[in-house]
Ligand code: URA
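Presented as structure tokens, the chain that follows is alone, the form predicted on its own.
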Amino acid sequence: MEELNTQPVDLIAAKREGSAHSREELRHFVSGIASGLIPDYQAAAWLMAAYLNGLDSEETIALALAMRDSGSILEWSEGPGLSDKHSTGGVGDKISLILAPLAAEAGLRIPMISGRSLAHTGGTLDKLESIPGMSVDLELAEFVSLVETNRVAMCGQTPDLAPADRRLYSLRDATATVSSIPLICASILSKKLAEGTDSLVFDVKAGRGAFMKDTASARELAAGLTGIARSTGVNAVAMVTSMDRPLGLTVGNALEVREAIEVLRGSGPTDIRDLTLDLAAAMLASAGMSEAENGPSIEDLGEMLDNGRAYSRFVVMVESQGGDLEAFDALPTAAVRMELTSDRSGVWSGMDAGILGETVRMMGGGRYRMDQVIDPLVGWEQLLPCDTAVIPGEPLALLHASDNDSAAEAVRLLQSGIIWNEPAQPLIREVL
């Protein structure tokens, strides 16, 4: 790390008093974080000061760029446009598994660096790892090679990609500063900008199962993400989408992969298909391949699902990363399946996504510690469409569990999460 003109303690004091940092001060500070010269206790103190007093737009941009520059930045050959998508975390959100191969089949290169489960929300990497043999821990050179060859690859953050963010993120989790919108924006963009893509699409969730519970907060986050991306010359679009109820009919890693494959083969739940197509169209448009620019239409994209082309691209991606789809098809079901039934008459409007996500985590489908091993077989399978009139005792869903005790506990918890007589929000609330 270069010698700091301002010492870390001075930056902490300045932010404690509400003063703004210069771009140079943040660059030096982040360099010290990445190198380890700034200890955890000072980094944590600064995070709390930033959480309490905020970062303005210039500071947020400077922080994102400094964290991006703390590690490698991917370089690409001339070729098709490069694009990626980021979701802020949902329940039953298996969109990336469908969107990445679909957008690649439509003509883009998709270097998708994804995450693991966070709190009650699922993780794309955990879902992929329910496929036997699937490797998501790729070296950056291998990742780039796979994207250049297959137009799509999906992996996790590597140690040399935005390493300062990796350290600050773990401290944010330990200091209860995760929910700061400027810190969220800087963290997400540091990794996405390091990918070197031409365009980005953000799916910002709002509702019971989202980190942003209301549309206004989700809009603020979406505006921050698109604003930073655009300020660096990257085309960006954000959709604020509903997460009051889970997406699709399944929650749980292997169950969600199976549902994603159904959509890739032209069937599956309508909400998953529709949102995937809308995000794919936005991704193509932001990359200069809209229908008006002679790119594929939404109807064309739907045909790529219906005729199996998107699924074939998915198969190539999975097999290139060591995955065995035949072995996945042969996976057993969970040891116990127990029904969740209605306890009254009424119009069942679905399940509270937050309560459902926490319940699946309790069953072993998510983590409370990063070293916890996930059970890919547990989860939720919805049996009836939302907004259906039901009578007492009518089965609503199946709980896939590892034992009777966890299944019974899940049923007990989920009784409080049933939504009655509530019209659904539009799936897409806003586009920014």
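Bear in mind the structure is a predicted one, so any value in this text is a computation, not a measurement. All residue numbers are counted from 1 along the displayed sequence.
In what follows, reference is made to the form predicted together with the named molecule, a form of this protein that is not presented.
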property	result
In the predicted bound form, the one of 188, 218, 112, 106 near the named molecule [non-hydrogen atom within 4.5 angstroms]	188
Contacting member of 184, 171, 338, 316, with respect to the named molecule in the predicted bound form [4.5 Å, heavy atom]	184
Options 130 to 138, 188 to 196, 325 to 333, 253 to 261; stretch whose heavy atom lies within 4.5 Å of the named molecule in the predicted bound form	188 to 196
Members of 318 to 349 lying within 4.5 angstroms of the named molecule, judged by heavy atom, in the predicted bound form	none
